[in-house]
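Take a look at this single chain in structure tokens; it is the form predicted alone.
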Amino acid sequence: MKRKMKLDPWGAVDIKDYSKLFDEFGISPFEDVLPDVPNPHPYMRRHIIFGHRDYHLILNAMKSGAPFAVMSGFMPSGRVHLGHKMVMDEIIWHQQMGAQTFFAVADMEAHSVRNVSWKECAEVGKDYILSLIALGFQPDGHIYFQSKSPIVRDLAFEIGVEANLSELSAIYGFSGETHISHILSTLVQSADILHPQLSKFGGPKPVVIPVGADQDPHIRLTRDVANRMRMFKVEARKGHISIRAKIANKAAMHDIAGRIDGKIKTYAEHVDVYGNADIDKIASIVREVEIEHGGYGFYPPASTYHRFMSGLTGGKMSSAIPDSIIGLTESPDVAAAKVKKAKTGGKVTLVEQRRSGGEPQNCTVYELLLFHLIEDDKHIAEVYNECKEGKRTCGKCKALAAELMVKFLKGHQAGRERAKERLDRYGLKI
């Protein structure tokens, strides 16, 4: 199927209608699983996280106490800003919910795609790490640079056995002009996503990747590759469950058959299980045997997708337009000035605003309050309703947002200074 919408992990993506992603890319609405999320993050409650893939696997692990992980990261090609904070917040929330946690500085991607020097990758990467720690990332998490991780690089090589150029071209739009390092960086990112399931980190487990929708090509590729790297396929068929080997392995098939209770039929390349067998239990047995016989047993990665913030000047948020973003390291006073100049959803005149109300859904200042600055749901609902009813002026919202932004940045930047003391743990120094 030829898709009408293009998602480019390295380009400018402006999504007007997020619901189209459900039909075109197979992303599921997050609201379907929201009732089952314990203590949901504000991004979830406020529908900022709008979609997911297989998040039920994460919820099942969360509720049962089974191992699960969260993994994400950033390409260090520009200063850290509020857009990056969103992913950091999601990583930290999952860590608080019990996830084994991984954060990648994608320096190989930045070097190959943006031609960022290794020195600059290191300096900018440290900047991202300081904000991550200041926001609440705990010391039991894993932080690494792609270029410094032989585990990730070795897994990327193995992933390359299962991926081909025509597939990568179809997913990413690569052409004959695309240089090889750029192509290789996509395999490294798949390795980033899958390596939390290696034996060094406790073996196969559900892993969620919080991202913006533009990063979905990486998720789709990795899910496909994870399935291809399995030794066995477990399927529910009419009247039985089928376990099939991709390459004949009699010893492994014998082990699988010996661990399953009930009526089975064993063949050279598959085992059929009859009766009221539990497919999840059988899948667990198969995964266990696969690992014992040198396989990976990967779960396809789960993912969550959040909406993009609008730029303060209107349109897309872009580092190329300094007034459109608020950096986490910039002067609080400068940030406050940007907020006071930001595009709002108010009417042209105060009289018209009072008469017909504003449009908070089209207001960048309201987005700042919704995404980052107001924690209380009742308070943010009050701001929204007062704006819609014409009871609230844009000046009042700007003053509130500016005040809260100054408070946040001062606290965050003090936290970054304290975070410098923890960099040694990750082999980094200021």
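Heads up: residue numbers just count along the shown sequence, starting at 1. This is a predicted model, so every value here is computed, not measured.
As for the form predicted together with tryptophan, it is not shown, yet the points below apply to it.
Shown without its partner, this chain lists Ile133, Ala99, Ile209, Val286 as candidates; in the predicted bound form, only Ile209 has a non-hydrogen atom within 4.5 angstroms of tryptophan.
Among the residues Ile326, Met75, Ile129, Ile243, the one placing a heavy atom within 4.5 Å of tryptophan in the predicted bound form is Met75. Residues with any non-hydrogen atom within 4.5 angstroms of tryptophan in the predicted bound form fall in just one of 262-270, 106-114, 198-206, 244-252: 106-114.
The shortest heavy atom separation between Ser149 and tryptophan in the predicted bound form exceeds 4.5 Å.
Using a 4.5 angstroms limit between non-hydrogen atoms, Gln189 touches tryptophan in the predicted bound form. For Ile256, no non-hydrogen atom is located within 4.5 Å of tryptophan in the predicted bound form, even though that partner is not displayed. Using a 4.5 Å cutoff between non-hydrogen atoms, Arg230 does not count as a contact of tryptophan in the predicted bound form. Contacts between 193-230 and tryptophan, taken as any heavy atom within 4.5 Å in the predicted bound form, involve Ile193, Ile209, Val211, Gln215, His218.
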